[in-house]
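Two forms, one chain: they're shown below as structure tokens, one block per form, named structure 1 and structure 2.
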Structure 1
Amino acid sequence: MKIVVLKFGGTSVGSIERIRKAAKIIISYVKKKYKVIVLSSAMSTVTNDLVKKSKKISKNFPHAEYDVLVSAGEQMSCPLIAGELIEKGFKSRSWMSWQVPILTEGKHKFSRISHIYKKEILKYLKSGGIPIVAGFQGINSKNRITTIGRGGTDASAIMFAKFFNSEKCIIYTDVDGVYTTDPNKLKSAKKLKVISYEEMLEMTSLGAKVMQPHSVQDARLNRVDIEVKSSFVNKSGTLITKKKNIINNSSNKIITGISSTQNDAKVTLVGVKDRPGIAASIFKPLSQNSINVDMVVQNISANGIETDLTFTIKLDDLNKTKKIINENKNINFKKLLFDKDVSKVSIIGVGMITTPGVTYRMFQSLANYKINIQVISTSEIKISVLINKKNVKKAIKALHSEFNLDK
């Protein structure tokens, strides 16, 4: 059986008109003799509205109920797609996660798909039906509804492609591929024909919203090739695949892409009493409360007694972090400072492994635009800097041109 998995994101099913367009795309694959499995997101804005409603009830809305609530959006979009296909004379039906069922593991809000029962869907495909499956949701071993993180329908699609061993997994979205940087933020961004899982993982983890980071990890682990395409225009998209498949890296660019974040906060502890184990004492209670610490700098103490420690966290965790640090009896410091006006800008590319001087070029080009770097972090294939939010656009533009991505 020649199976294709098609995923439609929020804007691609955002109106009845868009749903009709999505149905046309689905039908085009049926006509090419594919058995089509569709994974759909909620219509755009629906999930956000549900999240807002939960926040109005409580800042600590119970996570299990949150999952039931926010997964409701997909229950609306899937039957609309199925209905449109039936209207056009095709056999189709919607499937919620518990009907498949799609099993997940892990905590509510951030579960991961561990198994998909194939039997019923296979039977349905064989009978000529087009299953329209709700993305983003699953059920856990206690039969409770779970969700797999915002933007999770990408991961649902990839796991369906894995379990059904599909020939293709196509992510239909509102841009026609993965670009060197967000094309809605920089006009000169260029579409990439192909990108490796590793680079894509860095791009998305560092802020490129086009795919959910976990989904790219799932694709890499399971060797699922992904095509990112537009549901608006019929154009070739971007292939995300393993490095080995990228033989013709004709561009020979050192940097593949640039990402930026919008939801970071910087925390500085001034005048911390320096002693072995101090960093651990600060970070242990944060990790126990599931607060992810990202970039860290600790200055060498000038007097050997006190030091300053700076780190970044997600903006959403700021209040919790303040509370935890202020209540931490194991540390001594003079002042606690916070900055919400920061953004992390990162350059990503396997080319930097073999090319010296990339760090210098990045820093110099930001300096040329008088952009101050607050914190730096690096890995083998990325360099990130924390800067003031107001300079993000300028920084991306400068770096895009410095590393010849405009061409």
Structure 2
Amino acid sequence: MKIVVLKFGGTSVGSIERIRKAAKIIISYVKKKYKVIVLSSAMSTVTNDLVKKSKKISKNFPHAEYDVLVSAGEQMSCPLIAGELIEKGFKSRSWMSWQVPILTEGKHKFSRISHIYKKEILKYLKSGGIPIVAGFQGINSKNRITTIGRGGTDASAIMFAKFFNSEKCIIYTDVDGVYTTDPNKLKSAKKLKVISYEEMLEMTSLGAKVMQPHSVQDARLNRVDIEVKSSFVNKSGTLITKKKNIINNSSNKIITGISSTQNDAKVTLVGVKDRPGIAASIFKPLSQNSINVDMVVQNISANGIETDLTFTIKLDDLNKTKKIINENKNINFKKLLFDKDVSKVSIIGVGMITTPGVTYRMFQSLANYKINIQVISTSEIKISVLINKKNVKKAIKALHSEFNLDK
């Protein structure tokens, strides 16, 4: 059985006209003799409206009830898609997570799909039906509805592709693929034909909004190739696949893409009394309060007694971070500084693995534009720098040109 999994995001089903367009795409695959499984998100803005309603009820709205509430969005979009297909003469029906069923593990709001029962879906496919399955949701061992994080319909589609061994997994969204950088920030940004899981994971973690990081990680772990396409224009998209495929078929491009963030803050503890375990004493309470620490730099004084510790966090966590540090009785420091006018700019590419001189080229390119680097962090396929927010567009332009991404 030749199966294709199609996922439609919120903007792709955001109106009746867009649902009709999505139905035409589904029908095109049926005509190519595919058995089609559709995963649908809620119509755009619906989930956000439901979240706002929960907050009006309570700031501590129960997580189990939150999952029941926000999963209602997909219950609206799925029957509308199925109804349009039936109107066009095709056999179709909607499936909620408990009807498949889709089993999940983990906490409410952040569950992960552990198993998908295939029997009824396969039976329906063989009968010529087109199942329209609610993404983003599942059920746990207590038979309660769960959700798998915002943007979770991508993860639902990836797991369906894995369990049903589909030939294709296509994510339909409002962009026509993955670009070398944000085209809203640089007009010369180019669409990529192919990108590795690792590169895509870095790009999504560093600000690219095409997919959620955990969905890319699910695809990588389960070796599911994904194609990202637009539901609005009939163009080829971007294939997300394993690193080996990229390296073996790479062009002369060392860097694949450039990402930037918009909501970072820099925190510096000046004159920290240095001792073994001091960094752990600083970061443990932050971790316990779900504050993610990113770039970290430590400068030890010449006498070895004091150190300055700098790290970055999300801007939304700044007030909470200041409060936690000031109330931390396990650390002594002279001054707490913070900077809200910073952004992280990163170059990403598997080509770095085999190419020397990339770090120098990045730093020299920024220096040529008089852009000062505040903090640096690296990995095998990524170099990130923290700079003043006002220089982000200038930095992207410089790096895009330096690594020949304009061509």
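In this text the structure is predicted, and so the values were computed from the model without any measurement. Note that the rigid core is defined as the largest set of C-alphas that superpose within 1.5 Å between two forms. Numbers follow structure 1, counted from its first residue as 1.
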Quiz item: Among the two displayed forms of the chain, which is the form predicted alone?
Solution: 2
Self-check item: Shift of Ser196 between the two structures at or above 2 Å (CA, core fit)
Solution: no
Quiz item: Taking the rigid core as reference, does the Cα of Lys162 move 2 Å or more between the two structures?
Solution: no
Practice problem: Align both forms on the core first, then report whether Asn388 has a C-alpha shift of 2 Å or more between the two structures. | Solution: yes
Quiz prompt | Following rigid core superposition, Cα shift of Leu315 between the two structures in Å | solution = 5.4
Exercise. Using the rigid core as the frame, report the C-alpha movement of Val293 between the two structures, one decimal, in Å.
Key: 3.6
